[in-house]
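What follows is one chain in structure tokens, specifically the form predicted alone.
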Amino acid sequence: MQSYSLIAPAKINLYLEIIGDRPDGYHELAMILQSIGLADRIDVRANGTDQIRMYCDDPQVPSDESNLAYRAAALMAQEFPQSYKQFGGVDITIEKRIPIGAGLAGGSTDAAAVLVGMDLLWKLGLTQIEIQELAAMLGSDIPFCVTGGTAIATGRGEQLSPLTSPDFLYAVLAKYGDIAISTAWAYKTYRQQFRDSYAPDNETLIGRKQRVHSGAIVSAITQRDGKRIGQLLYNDLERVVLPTYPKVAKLRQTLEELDTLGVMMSGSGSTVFALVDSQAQAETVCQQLRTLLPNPDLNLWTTQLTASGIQLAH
């Protein structure tokens, strides 16, 4: 049976601004998304049956249709019934390295890998844009995860404008194992508390959306100015997450006291990341943070920013 192995990178948010409400119930967002080297490995294999079967080395990851990777395979079967009839079902095996409930798009990138893997397995010959259109049917982060790198994301996150990646930078990721934050909760709470800051009309909304394209952080990324990128990190969701989760707030504050370019919570949390200039500096920051917060439940990773999304494993 034929199979493909894919590398599915995590992502961090260098910028996240909530602009307003959308008619579809989602938020209108302006974000800068960034792929990182921390990645899951996904194997997609034809199984000779009509079933989609999921396997994962992390028992916390569901193996039914609540898993985005499972839903990605089901979507492919639905959208390409002739290919499904010809090639049959798939076994999806996830080697999990991206933490769960971390604001790092772990579920989204796995789903993106399944779409790419099944395109190859079923010899569909889809373009990247066609795969991204399928991805948008599953979730807001998934189109970005297909291509990866660095991009301005607007709409609910599916409208992408690529940028040159600041892949010379490294990141330290820090997350408490016992804290997983619901993205839906974070956005709902933000809406309840800060709705009066939303764009009052469509014209204002469009103006604010366009402003991110000419914003200071985009200029810093284009100029490959690591120090300035670090200074301009921004995330609206910190306003609701940090007061509710004091351990995450303390983690962020402690990282800020160390020698980094900048510190920010990624997405809806609970991961906090720091940007640094080198792998050596990333390891130093890790050691210092471990000394300052000697909690065995605090997980740390060092990784490099990357210019790629889903890739075939070599």
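We number the residues from 1 along the sequence you see. Fair warning: this is a prediction, and the values are worked out from it, not measured in the lab.
This protein has a second form, the form predicted in complex with cytidine-5'-monophosphate, left out of what is shown; the following refers to that one.
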| property | result |
| --- | --- |
| Answer range among 203-211, 139-147, 113-121, 218-226 for contact with cytidine-5'-monophosphate, defined in the predicted bound form as heavy atoms within 4.5 Å | 139-147 |
| Site test, 29, 156 and 183 vs cytidine-5'-monophosphate in the predicted bound form, non-hydrogen atom cutoff 4.5 Å | yes |
| Residue among 176, 187, 84, 234 with a heavy atom within 4.5 Å of cytidine-5'-monophosphate in the predicted bound form | 187 |
